[in-house]
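Shown below, as structure tokens, is a lone chain in the form predicted on its own; questions about how it binds or moves come after it.
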Amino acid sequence: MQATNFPMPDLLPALPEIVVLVMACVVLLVEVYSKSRAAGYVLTLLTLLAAAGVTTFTAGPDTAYTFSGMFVDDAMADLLKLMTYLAGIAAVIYSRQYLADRDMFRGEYFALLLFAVLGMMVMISASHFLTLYLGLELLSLALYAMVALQRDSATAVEAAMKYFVLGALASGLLLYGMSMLYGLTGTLELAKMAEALNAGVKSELVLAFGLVFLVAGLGFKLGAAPFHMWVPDVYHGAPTAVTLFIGSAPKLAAFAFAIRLLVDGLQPAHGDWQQMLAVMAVLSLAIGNLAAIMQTNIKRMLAYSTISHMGFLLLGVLTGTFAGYSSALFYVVTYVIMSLGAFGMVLHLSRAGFEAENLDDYRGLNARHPWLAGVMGILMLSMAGLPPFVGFYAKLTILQALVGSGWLWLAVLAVLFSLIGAYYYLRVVKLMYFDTPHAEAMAPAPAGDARLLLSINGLAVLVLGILPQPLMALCAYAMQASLQ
């Protein structure tokens, strides 16, 4: 009997993932054997910084494949991974005081965060259906546990249960769609699937049904309507430290999921999935912006805001052009920066026994904390898409790509819903600057690393709005290199 030799895969493209996996296990062990609560915090920050260094060191203009073509390392993957590390570092720093005040400053949070980051990294570099699904489930399982981390909170446990049930349903839809496309094309590798679709398929009906299931699962992971049911309840019910993480970094992985799936693997079926994305985008813009107006809880308001932002993201992807893809990448990067700052402010103003999550809690913030009110004002105006902040250019590039590809009516709809959406962002600014604070106003927020990071975050939104060209060029380069 002849022995078969298993070829050793090239581990260099996957070195950042190996670093994060090893250190996540180390953080778990340190939690068991160390009495220091700060050890997990420090190790998590060092892990994310080390992963960023390794990713930068191994980055290059060429696209590298490993694990029999199941894993790809390209410029888009490098950029999205670096942004994922940045979001993870910000989440850890913003959350430190919040977690300590609620007796949640433990190794479990940091280990789960690292495993979630690892899942996102695998999704970002996936070039095969199995790798995509593996990364997605690793991310999802870690997030379910993070939402339920505050075990004595009935709201958090209920949110985790809703997230788990709907997430399992979405995973089933994805698997069903993948199985149909596998039966149709005979492969799970995205590049080979594109070749098979270009050569023609036996049944257009099976292809259409497979795409419906895949796009539905993708819509759930993005939080786009009509698959948005979980977003407001999970954002509201989860501890704010977890909400900050869920509302930022996973959007980067979901964008990569969409590009790998729809562009790398299913570009020949662009005419089919384009129509589905158009419907989801319009529904997301309508439901997100209209429902956000009625919210009195800032976490729920930002949740519906996320739905509308995902609608804008889908507008860029559905164009099917390089300009649309690069503008969507620019949009998701800027959205993550803005989202980190907005939820970071909610965390920073919360304290033991008090959650700064009602809009009334921000009344007269300028009278008590002028600098924090200024930073929050920058973030809200940027999310509304007003110049000179980076959110304006993010929306502008999407609209230019839409008009350039002939979707003028969609561009007009997007502008109209953006005008509606500006109301609830400006309401926060009005509360901070023009309303008088309650008698039981928030105590002064302590200075420290979180306030410094908030200041950097807010200023980054302003500076990137004044000088958006370098980030735009970087996104265009990353997308061009990955599509070659």
Partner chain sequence: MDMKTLYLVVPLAPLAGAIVAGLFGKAIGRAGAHTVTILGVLVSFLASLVIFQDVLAGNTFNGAVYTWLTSGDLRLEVGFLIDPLSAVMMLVVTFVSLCVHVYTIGYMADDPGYQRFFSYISLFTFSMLMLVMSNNFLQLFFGWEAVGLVSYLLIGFWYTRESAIYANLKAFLVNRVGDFGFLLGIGLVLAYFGSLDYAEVFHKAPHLADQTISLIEGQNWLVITVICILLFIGAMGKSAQFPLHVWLPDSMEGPTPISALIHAATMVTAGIFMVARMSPLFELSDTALSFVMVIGAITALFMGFLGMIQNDIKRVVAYSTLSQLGYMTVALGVSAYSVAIFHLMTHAFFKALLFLAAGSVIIGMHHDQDIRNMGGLRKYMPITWITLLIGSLALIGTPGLSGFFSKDSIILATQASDLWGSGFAAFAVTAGVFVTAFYSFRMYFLVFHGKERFHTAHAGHDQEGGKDDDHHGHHHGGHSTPHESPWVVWLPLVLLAIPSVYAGWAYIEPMLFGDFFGASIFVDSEAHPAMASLREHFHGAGAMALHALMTLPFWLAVAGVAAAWYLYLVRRDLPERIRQRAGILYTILDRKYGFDDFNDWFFAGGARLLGSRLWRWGDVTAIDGVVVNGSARVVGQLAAIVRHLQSGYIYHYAFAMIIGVAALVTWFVD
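Positions refer to the first chain, counted from 1. The structure displayed is predicted, hence computed values, not measured ones.
Below, we refer to the form predicted in complex with its partner chain, which is not included among the displayed structures.
**Student:** For the chain seen here without its partner, which of 299-307, 376-384, 327-335, 340-348 has a heavy atom within 4.5 Å of its partner chain in the predicted bound form?
**Tutor:** Residues of 299-307 come within 4.5 Å of the partner.
**Student:** Consider Phe209 of the chain shown here, and say whether it contacts its partner chain in the predicted bound form, taking contact as heavy atoms within 4.5 Å.
**Tutor:** Yes - in the predicted bound form, heavy atoms of Phe209 and its partner chain come within 4.5 Å of each other.
**Student:** Do Asp272 and its partner chain come within 4.5 Å of each other in the predicted bound form, heavy atoms counted?
**Tutor:** So Asp272 counts as contacting its partner chain.
**Student:** Even though its partner chain is not shown here, does Arg106 get within 4.5 Å of it in the predicted bound form, heavy atoms only?
**Tutor:** It does not: once its partner chain is placed as it appears in the predicted bound form, Arg106 has no heavy atom within 4.5 Å of it.
**Student:** Would you classify Phe312 as touching its partner chain in the predicted bound form, given a 4.5 Å non-hydrogen atom cut-off?
**Tutor:** Because no heavy atom of Phe312 falls inside 4.5 Å of its partner chain in the predicted bound form, the answer is no.
**Student:** Arg451, Leu452 and Ile456 - do all three of these have some heavy atom no more than 4.5 Å from its partner chain in the predicted bound form?
**Tutor:** Not a single residue of the candidate spot has a heavy atom within 4.5 Å of its partner chain in the predicted bound form.
**Student:** Only one of Val165, Leu408, Ala191, Ala100 gets a heavy atom within 4.5 Å of its partner chain in the predicted bound form. Which one?
**Tutor:** Exactly one listed residue reaches within 4.5 Å, namely Val165.
**Student:** Which of Ala352, Met294, Ala199, Ala154 has a heavy atom within 4.5 Å of its partner chain in the predicted bound form?
**Tutor:** Only one option qualifies, and that one is Met294.
**Student:** Check each residue of 161-177 against its partner chain in the predicted bound form and list those with a heavy atom within 4.5 Å, in sequence order.
**Tutor:** The stretch touches the partner through Met161, Lys162, Val165, Leu166, Leu169, Ala170, Leu173.
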